[in-house]
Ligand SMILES: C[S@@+](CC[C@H](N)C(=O)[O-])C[C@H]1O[C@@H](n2cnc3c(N)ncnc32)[C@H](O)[C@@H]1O
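First, one chain by itself in C-alpha cells, the form predicted alone.
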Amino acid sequence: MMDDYALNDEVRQQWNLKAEFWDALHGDEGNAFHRYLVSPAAERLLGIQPGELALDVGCGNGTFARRMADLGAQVVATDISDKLIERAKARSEGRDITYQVVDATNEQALAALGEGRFDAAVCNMAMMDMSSIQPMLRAVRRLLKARGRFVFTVMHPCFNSTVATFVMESAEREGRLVDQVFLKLSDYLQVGTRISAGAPNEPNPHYVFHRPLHMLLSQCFQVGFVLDGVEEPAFPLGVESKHLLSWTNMTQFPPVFAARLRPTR
C-alpha cells in the first residue's frame, strides 16, 4: 500500500504530465463541461461580490479564478501541480489573482494562507482527485470568515464515475427507427481508488477517489459545515458534440454535483 506522501506525489506527477493538454483543453474560459455546467452552478451558489477575497482550491489553469476576478473579487488560487500554476499565471496577467503551489491534502500548508481571512472559497472538479478531503475541508473551515461560504463541484458520484457506461441501441418507435442513449452503472457504494482516462486523448490516466454522496457530505459535516445549497446541472438540449455517446446527449442525468456549505455558528 502506497503511503499518503508517495500517493500525493504520484498525483502531482500525473497532473504535471498532462498540464499542457489540460491547459489547451480548457483555454481561457474552460471546456464545455465548465462553460455549461461547472462554472454557472458554482457562480450561482458562490454569489461573489465585488471587493471580496476568494480562495480557489485546485484551480487548474485558473479558469474559475479568472472568472471570480472579473466579477470584482481579489483571488488566491492554489493547485498541487506547479505546471498548471505556471499555465494559470500565463493566462491571468492583469488580474488580481495570486497563484500558489499548495497540496490541498496538507492542512497546515493550506491554512497558512490566512485563517479567518476569506469571504468565499471554491473547489471545482478537484475533490475527486484528492486522496483525502478532510484536511482540505478542515483548512477551508479555518480560512473562512464566520459568515463565509464554500462551494464545491465534483463528478456526480451517482452517475459520473469510472464504472458508468454509455449504451446506445436502435429501436422502432411509431414506424421509424431511432437511436436511444442510455447510462449503465455497475456499482455506486463501493469506495476506492480508481484510474480514470480523463477526457478523450489525454496523454496519461490519473487517480480518482470515488466517494458516494453520503460519505462526501458526511465528511463536510464532521468538520463543521452545514449544507444550504445544491445543484445537479445537466446539459441542455441542443448542445453539439463530436460524439453521440457523450454527456451532451444525457440531458436527464447530471454529470456534475454542486453544493454550497457554510460554517456552523
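Note that residue numbering follows the sequence shown and begins at 1. Here the structure is a predicted model, which means the values were calculated and not measured.
One more form of this protein should be noted, the form predicted in complex with the ligand, which is absent from this view; the next part is about it.
11 is the sole member of 250, 11, 17, 25 with a non-hydrogen atom within 4.5 Å of the ligand in the predicted bound form.
Residue in contact with the ligand in the predicted bound form (any heavy atom within 4.5 Å), chosen from 130, 154, 97, 120: 130. Taken together, the three residues 80, 104 and 126 all lie with some non-hydrogen atom within 4.5 angstroms of the ligand in the predicted bound form. Checking 216 to 224, 54 to 62, 234 to 242, 41 to 49 against the ligand in the predicted bound form, the stretch whose residues place heavy atoms within 4.5 Å of it is 54 to 62.
When the ligand is considered in the predicted bound form, residue 84 lines it closely, a heavy atom lying within 4.5 Å. Looking at residue 210, you'd find every heavy atom of it more than 4.5 angstroms from the ligand in the predicted bound form. Not displayed here, the ligand is approached by residue 34 to within 4.5 Å at the level of heavy atoms in the predicted bound form.
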